[in-house]
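Consider the single chain below, provided in structure tokens and representing the form predicted on its own.
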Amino acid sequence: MTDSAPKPVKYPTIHMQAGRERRVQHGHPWVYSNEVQMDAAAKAVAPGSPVRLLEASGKPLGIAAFNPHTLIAARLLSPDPAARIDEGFFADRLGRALALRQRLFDRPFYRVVHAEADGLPGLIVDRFDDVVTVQANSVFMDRHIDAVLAAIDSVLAPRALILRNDGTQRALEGLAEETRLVKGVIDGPIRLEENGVTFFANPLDGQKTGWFYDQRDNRAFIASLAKGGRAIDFYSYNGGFGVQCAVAGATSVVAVDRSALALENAARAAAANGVADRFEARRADAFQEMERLDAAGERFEVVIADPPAFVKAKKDLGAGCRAYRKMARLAARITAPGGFLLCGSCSHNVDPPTFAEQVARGLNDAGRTGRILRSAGAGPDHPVHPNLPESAYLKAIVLQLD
């Protein structure tokens, strides 16, 4: 009788430098280039290859995705040194991630895979019922994209599958940008649900994967405060905050964004939820509109300012912090006494204390005082790796102002 078990795969071997393995031993998923023995053999490994990662002594640490040309040289895939990185590997990890989301949510609208926290570094998968969008943000995921897509097809069986490989992280890995419909047909905005509210998104040409599920809980919280008041939603995109405020009972909602396409989706969502009579989509620059409203003496009981990343790289930190401070100042000036202000940041280079400091300075600049009611991050479909706290990129601060 022959043994039908698959033979172990002989991946290239990478050794860490002596004394540099402690972080990995304690569960950190990254290995930096100055922590490995970057000899000629290591430099010759093709970027994106799975490798067997070893301590300097030769003791195995697991299987990792390796790139000799980037600061993060290795990303741990499995502590099992005999793991096979194939379609079955991706399907298993995807299945585990899906099981968690199905426990968290009763409707099929969520982020299915959130990179390292789901054991698939460099991979993002968002689900809009039977439409799935995928971002491969590393050379490893890009190189294995056929196996990834096959696993997604087998586990989720979507009618449409889209590659949204146009994120800024790809440039850091030397990868080209592309957006491609891999399977099915997309002939317009797709429908999605969040917190019981209907929305519309463009997964082929909208921002990121078409929708930002990460703000789900923060949207629900600020909407719960909107009943009976006027609300304004800056950087509204597809109306995620504003439409939920209208559904929750706001007397009027203004959604401000520079994208006509996004505002069309926001207005479509307002109509679909029966609140079009209390909803206005306004195309404008957020800072300019805040200044105009303040000059006109306009005040709102709920003000939401959730911008795109002001800090996309560490070199932008100073300018970005000044922009967050300005945003908080302008937004506070049009918040009614006793009203509520939400300030958000998705800049991972700005840590929570720094962001909170800029918001506080902005309030002081506006001559306003108040209290923080909630300081939160992303929803549970955007989990954080316990040894990678810097991946907790989202910040949302809700205040009541005097």
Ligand code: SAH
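Note that the structure is a prediction, hence the values are computed from the model and not measured. In this text, residue numbers run from 1 along the sequence as written.
Omitted here: the form predicted in complex with S-adenosyl-L-homocysteine (SAH). The next part is about that form.
- If you check in the predicted bound form, is A262 within 4.5 Å of S-adenosyl-L-homocysteine (SAH), heavy atoms only? Judged by the heavy-atom cut-off of 4.5 Å, A262 is in contact with S-adenosyl-L-homocysteine (SAH) in the predicted bound form.
- Message: Can you tell me whether N218 touches S-adenosyl-L-homocysteine (SAH)? I mean in the predicted bound form, with a 4.5 angstroms heavy atom cut-off.
- Response: No, N218 sits far enough from S-adenosyl-L-homocysteine (SAH) in the predicted bound form that none of its heavy atoms falls within 4.5 Å.
- Message: Can you tell me whether G318 touches S-adenosyl-L-homocysteine (SAH)? I mean in the predicted bound form, with a 4.5 angstroms heavy atom cut-off.
- Response: Contact check for G318: no, nothing within 4.5 Å of S-adenosyl-L-homocysteine (SAH) in the predicted bound form.
- Does the 4.5 Å heavy atom contact test between Y237 and S-adenosyl-L-homocysteine (SAH) in the predicted bound form come out positive? Y237: contacts S-adenosyl-L-homocysteine (SAH) in the predicted bound form.
- Message: Which residue, P108, P158, P307, G229, is the contact with S-adenosyl-L-homocysteine (SAH) in the predicted bound form, using a 4.5 Å heavy atom cutoff?
- Response: Flagged contact: P307.
- Identify, from the list F300, F90, F212, F200, the residue with a heavy atom within 4.5 Å of S-adenosyl-L-homocysteine (SAH) in the predicted bound form. The residue from F300, F90, F212, F200 that makes the contact is F212.
- Task: Report whether all of F241, D257 and D285 sit within 4.5 Å of S-adenosyl-L-homocysteine (SAH) in the predicted bound form, measuring from non-hydrogen atoms.
- Result: All three within 4.5 Å in the predicted bound form.
- Query: Thinking of S-adenosyl-L-homocysteine (SAH) in the predicted bound form, which stretch from 161 to 169, 99 to 107, 178 to 186, 277 to 285 has heavy atoms inside 4.5 Å of it?
  - Reply: In short, 277 to 285.
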